[in-house]
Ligand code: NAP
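The form predicted on its own is given below as one chain in structure tokens.
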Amino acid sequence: MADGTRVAVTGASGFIALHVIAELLDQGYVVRGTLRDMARGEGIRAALDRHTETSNLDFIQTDLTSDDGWDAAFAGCAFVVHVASPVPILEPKNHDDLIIPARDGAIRALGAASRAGVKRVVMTSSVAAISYGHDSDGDSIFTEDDWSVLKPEIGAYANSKTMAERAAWDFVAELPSDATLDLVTINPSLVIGPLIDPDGSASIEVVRKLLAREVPGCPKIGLNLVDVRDVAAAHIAAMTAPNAPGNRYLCTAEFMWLSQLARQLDKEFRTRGYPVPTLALPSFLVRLVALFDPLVARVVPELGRRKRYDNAAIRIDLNWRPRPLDETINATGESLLALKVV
């Protein structure tokens, strides 16, 4: 199936997209990656060359906020993996800075895919489109039937992912019968794992900050984690799985507290000169600091809270088997050191 089959991957310079591209190339697909800045192409190819053979990879320029290039990007492609969407490290002052490119970019990608006769689009969404804004006591179990409640308090990212995914499903539902398109969404939790390119990702900031000792300790923050390689595998499985069209898939492996993550990093890297702060920070102290630090204030609503997800659907339909988190945490740290990010 893979030999000679062309797949377009949007946002080719991103953390998840790079792993999707590497795995597609390993499986024999021909890949066209979209880039907002074509000047990055040479560096991205060099990074991928350390992991796979890239002779079947080319790049084309597109932008989530412009119509230019999308039809050419998807011409001759059997599948599209739409990963491109802004992921900020800092909360933007204007939520539209994220919402507009995420939502409008999804519609541009789907429109071009439909015009090109693409068989199926697999779109990267997030648990941020499922479990945010709910009044939850920690006992609720979120499934693919749930949607985040749109309101400013959930943050720009969660609003952008929710609005983009809803717009995508609405767009596909309204396509005429002669231009139908299969859509699948993958909804990962916090994605960590080894970097391919040193530019990194906002999602691995938690590991980077711990290894770099930029935090004094660990607030009682809960993390639902998943390995980027397993997220990539889910996207690729969703391209051809017979039961996948029309479905959302929660893509999350395990829950752990931030202090557990820190202890795993400390166990692996302390003897190599990277002791990790594992001190538990009292919640009252975090709330006090939040009065003066807007970054800290963002974590206050999550103190002591645990979100639970049901990942049965992805395991059944896509035969998805995530790797152990200690392996993921160690691989994340190794790549941060190897690429001199830390």
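So that there is no doubt, residue numbering starts at 1 and follows the sequence shown. All values derive from a computational prediction rather than experimental measurement.
Same protein, other form: the form predicted together with this ligand, not shown, and the subject of what follows.
In summary, the region of this chain contacting this ligand in the model of the complex, judged by heavy atoms within 4.5 Å and restricted to 257 to 265, 170 to 178, 208 to 216, 85 to 93, corresponds to 85 to 93. By the criterion of a heavy atom within 4.5 Å, P188 is counted among the residues contacting this ligand in the model of the complex. By the criterion of a heavy atom within 4.5 Å, H51 is excluded from the residues contacting this ligand in the model of the complex. Taking non-hydrogen atoms only, E302 never approaches this ligand to within 4.5 angstroms in the model of the complex. For D63, a non-hydrogen atom is located within 4.5 Å of this ligand in the model of the complex, even though that partner is not displayed. Note on contacts: among R287, R308, R40, R315, the single residue with a heavy atom within 4.5 Å of this ligand in the model of the complex is R40. Contact annotation for 254 to 282: no residue has a non-hydrogen atom within 4.5 angstroms of this ligand in the model of the complex.
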